[in-house]
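Heads up, the chain below is alone and in the form predicted alone; it's given as structure tokens.
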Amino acid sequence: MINYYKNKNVLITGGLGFIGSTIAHRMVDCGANVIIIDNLNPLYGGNLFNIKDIANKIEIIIDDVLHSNKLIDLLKKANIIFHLAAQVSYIDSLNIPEMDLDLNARSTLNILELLRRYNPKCRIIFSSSRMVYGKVEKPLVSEDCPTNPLSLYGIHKLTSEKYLLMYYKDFGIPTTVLRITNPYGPRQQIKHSKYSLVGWFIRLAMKGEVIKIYGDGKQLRDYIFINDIVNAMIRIAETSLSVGEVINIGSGTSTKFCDMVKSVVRIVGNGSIEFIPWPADYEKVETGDIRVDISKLKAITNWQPEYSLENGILKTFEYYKTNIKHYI
């Protein structure tokens, strides 16, 4: 891994965010030349504190990936792009449809078109979402399951997926699409519940507040810790077997929502739980149970998740005990 990335030019869009900044730390450890571009819009989670330990080892550009006049030069010299710049809330997407379209679809098309012109051999890894599946009928969701997103967020993520696969097929740009399940862990904003419910609930529990669960809380979710996500993404970027592929990234284990909340309260040692009725019309965006098939990821990369949900919650809680003031 270290030899593969040493001296390579790695561009991370949205690199001051949760996943991007964690990748940046790993890339620095691997000897890569790291450039981050991030617009630092407070809605999306970019945070300079996330890279405080490596700020003098990387290049940081505060700019909009869709409109930056520096983007062509960045793309010309990049060997690998981790494209993470995004609007991250499927709930907000309905209220900001054009902004969501810009950040979750148009930005991808812009990058691909510039790569086609100036650097078609550049490797690009795109973070999509399990939200592209929508409500699923099969008990286990593999990459060939039908996609039917219920939100504009999911629709625009799926649009980016189509762009990436077309530019690979038609122009040979080596792209990979990653459908990430429910990510959580250190460096994730916990200003509100729209980034990560695990992180948000840790914050509520730390304050001794009530965590409210809609319905019976028995819906299944696949929660995956940030270190496991980044390990998978780094391995995927290394191998040609992932080029032109759509790959699920999850823990491979689904947990009842209420059990996740109970784990948070138990590990934090504070807070309480209250079950409340579902809000009106919430079923329009509720995806139901999710069990994600990660056999393709394992086969391509020989990757295995290392963190259980309990261990991941503990690591996240320990991080916020010291650093919470930077994330609220």
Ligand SMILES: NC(=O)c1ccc[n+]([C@@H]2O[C@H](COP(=O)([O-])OP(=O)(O)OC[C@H]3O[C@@H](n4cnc5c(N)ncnc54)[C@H](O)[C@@H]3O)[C@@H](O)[C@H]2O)c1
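Start at 1 and count along the sequence shown; that's the residue number. Only a predicted model underlies this, so the values are computations on that prediction, with no experimental measurement involved.
Beyond the structure shown, there is the form predicted together with this ligand, which is absent from this document and is the topic of what follows.
No residue in the set Val230, Asn248 and Glu310 has a non-hydrogen atom no more than 4.5 Å from this ligand in the predicted complex. For this ligand in the predicted complex, the listed stretch (291-299, 45-53, 260-268, 25-33) containing residues with heavy atoms inside 4.5 Å is 45-53.
Contact annotation: of the candidates Ser242, Ser151, Ser160, Ser127, the single residue with a non-hydrogen atom within 4.5 angstroms of this ligand in the predicted complex is Ser127.
Ile234 falls outside the set of residues with a heavy atom inside 4.5 Å of this ligand in the predicted complex.
Although the partner is absent here, Asn41 is a contact residue: one of its heavy atoms lies within 4.5 angstroms of this ligand in the predicted complex. Though the partner is left out of this view, Leu11 does not reach within 4.5 Å of this ligand in the predicted complex, counting heavy atoms only. Taking the partner from the other structure, this ligand in the predicted complex has no heavy atom within 4.5 Å of any heavy atom of Pro186.
With contact defined as any non-hydrogen atom lying within 4.5 angstroms of this ligand in the predicted complex, the contacting residues in 3-23 are Gly14, Leu16, Gly17, Phe18, Ile19, Gly20, given in sequence order.
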